[in-house]
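Here you get one chain, nothing else, as structure tokens; it is the form predicted alone.
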């Protein structure tokens, strides 16, 4: 549904997007991650035809966005960052205007407005002027215009920005439901959002794609993946480090916390695919030394750890 090939965008001497390629299929929800200034919004603007690329190709539903712009844009619902709204209109009036722009009229227009208002929880403000809405309701109104024509493809820039926790949950649930039948791409810097809503994620840094995979695949790249947290009472940290460090399946041991009477240690695996052997070895060492163990827990890996390791330059890291 979305095909991006060797896409680049230069603003004068600055290359904001540098040879980016990826695709999004129907039924996929792609999270577009990256630090500020990484090129996320610029890429999404080129996908929607808002900006022309300096080089490369974007196809939407098989249509080249540059050569067949109208055909491509008919398939897209777009929620830009800080979506512009006509503040002198009511919510219903604004959505009616957007429906007409999308070629809807009569009964189809009325049904589209009702559907968008219901899906975006706008019933209570339906006849309210946009300029009287809270930030959260304005954002929902922007979301409603993006889906007014029931598009096959949704492109959204920070769709939960400025929403409270309940509103974020509503929007994520809506994205998951729509993602079953549409191709969706949305940018975010909220890592929990990727785990909550996305089937796949791309990390972009300095205009380049630096990682591409499912949330689980990306978490597996974390240094913490398959490590074990061990919580022990009544034992010196030095002894814990020495004994756990002698396990042949481990590569290193760090003391996460040492607040008597509890020591919290992390044991890193030598082989990521050890299949529980490290956990069994930790249990055996604890039993041999008669430690009072509170917990032995295997770690999945963390997206924030992967994100930082991939996107931090040497200068930033210092």
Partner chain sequence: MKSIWTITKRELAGYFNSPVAYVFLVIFLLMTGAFTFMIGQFFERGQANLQPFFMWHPWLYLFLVPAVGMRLWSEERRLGTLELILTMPISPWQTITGKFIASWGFLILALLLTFPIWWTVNNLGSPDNGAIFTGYIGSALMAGGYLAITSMTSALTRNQVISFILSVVICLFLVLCGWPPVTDPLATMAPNWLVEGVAAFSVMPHFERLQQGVIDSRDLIYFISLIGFPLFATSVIIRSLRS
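Computed from a prediction, not measured in an experiment: that's the story for all the values here. Numbering follows the first chain given and starts at 1.
If you look for the form predicted in complex with its partner chain, you will not find it shown, but the lines that follow are about it.
A heavy atom within 4.5 Å of its partner chain in the model of the complex is found for exactly one of 182, 73, 219, 243: 73. Proximity to its partner chain in the model of the complex, taken as a non-hydrogen atom within 4.5 angstroms, holds for one residue of 100, 118, 195, 150, which is 100.
When contacts are judged by a 4.5 Å heavy atom cut-off, residue 94 counts as touching its partner chain in the model of the complex. When its partner chain is considered in the model of the complex, residue 145 lines it closely, a heavy atom lying within 4.5 Å. Residue contact with its partner chain in the model of the complex: residue 9 places a heavy atom within 4.5 Å of it. In the model of the complex, its partner chain stays beyond 4.5 Å of every heavy atom belonging to residue 285. Partner proximity in the model of the complex, defined as non-hydrogen atoms within 4.5 angstroms of its partner chain, places exactly one of 40 to 48, 250 to 258, 287 to 295, 23 to 31 at the interface: 40 to 48. Contacts with its partner chain in the model of the complex, taken as any heavy atom within 4.5 Å, map within 73 to 87 to 73, 74, 78, 80, 84, 85, 86, 87.
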